[in-house]
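Single chain ahead, written as structure tokens, the form predicted on its own.
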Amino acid sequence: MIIQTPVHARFTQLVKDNGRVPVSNPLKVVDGRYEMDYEQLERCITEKTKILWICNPHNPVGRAWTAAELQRLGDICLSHGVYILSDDIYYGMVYSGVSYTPIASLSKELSQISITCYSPSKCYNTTGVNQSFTIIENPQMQEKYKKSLHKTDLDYAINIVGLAITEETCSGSCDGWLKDFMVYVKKNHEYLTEFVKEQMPGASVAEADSTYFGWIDMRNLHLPSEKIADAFLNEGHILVNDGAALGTGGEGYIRMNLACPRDTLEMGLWRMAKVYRDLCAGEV
């Protein structure tokens, strides 16, 4: 199974847990913005390749892939007989003026090779109800999916609270709240970008158009990202994610959650700036 790293660590772990081999097709950075590497993807595909697992919008780099980007990706999969598993859990978390496009919506051919995974958990902070759903238009793929659920006893009973939450969030009644929330998150991302530029010289924040993450490049420190994350936690009492844990292309980066009040973000960043200066000076 091919995955596009850096991506949430569970992608790699779940592939391994199911007795399959994860193959990394790393994203590339072009002028501070992440893009898919289609040429490398073609080289990754072999006769053993069955599935491409994508994240749209992408965690942690914050890209909502455009229709053109997804179409090119889909054409490659169609030409090689590769199925598409699309994790679209951040589907509603796009910035103003940005569109979310499900890859299965682009054509009938792509819908027949795609499985799209959704949940209200990220957009509406309802992870605790453990509710999600998939959209599969291909009848044969639907049947295989149902059999897999049955084998693991995951088709037993329904979480009625989660179902009610899913129905309500999909009805459109919460769209206004989510829109306002993402306006706030975008401003937090802009604040982060300027703060890092001014207070953490040498570091930089990846350009984003979705999700609530800041993906910060600290490779200038020439330190393992695990050590950087540990320093922020132990010295600054700020918990960030070690980028190396997110696969190829993540070493030297950290991931920061921006879904918080601005004053909380400001306080955390000033703590981080002090630790960053100490790291630059070799004092941590």
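Only a predicted model underlies this, so the values are computations on that prediction, with no experimental measurement involved. Residue positions are given as counts along the sequence shown, with the first one as 1.
The protein also exists as the form predicted in complex with a small molecule; that form is not presented, and the subsequent description refers to it.
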In the predicted bound form, the residue from I89, I115, A206, L110 with a non-hydrogen atom within 4.5 Å of the small molecule is I89
Sort through Q199, N138, S105, T127 and report the residue having a heavy atom within 4.5 Å of the small molecule in the predicted bound form.
T127
Evaluate F11 for contact with the small molecule in the predicted bound form, applying a 4.5 angstroms cut-off between non-hydrogen atoms, and reply yes or no.
yes
Could you confirm whether K186 comes within 4.5 Å of the small molecule in the predicted bound form, counting heavy atoms only?
no
According to a 4.5 angstroms non-hydrogen atom cut-off, is S225 in contact with the small molecule in the predicted bound form?
no
C55, heavy atom within 4.5 angstroms of the small molecule in the predicted bound form
yes
If contact means any heavy atom within 4.5 Å, which of 176 to 184, 191 to 199, 89 to 97, 163 to 171 contacts the small molecule in the predicted bound form?
89 to 97
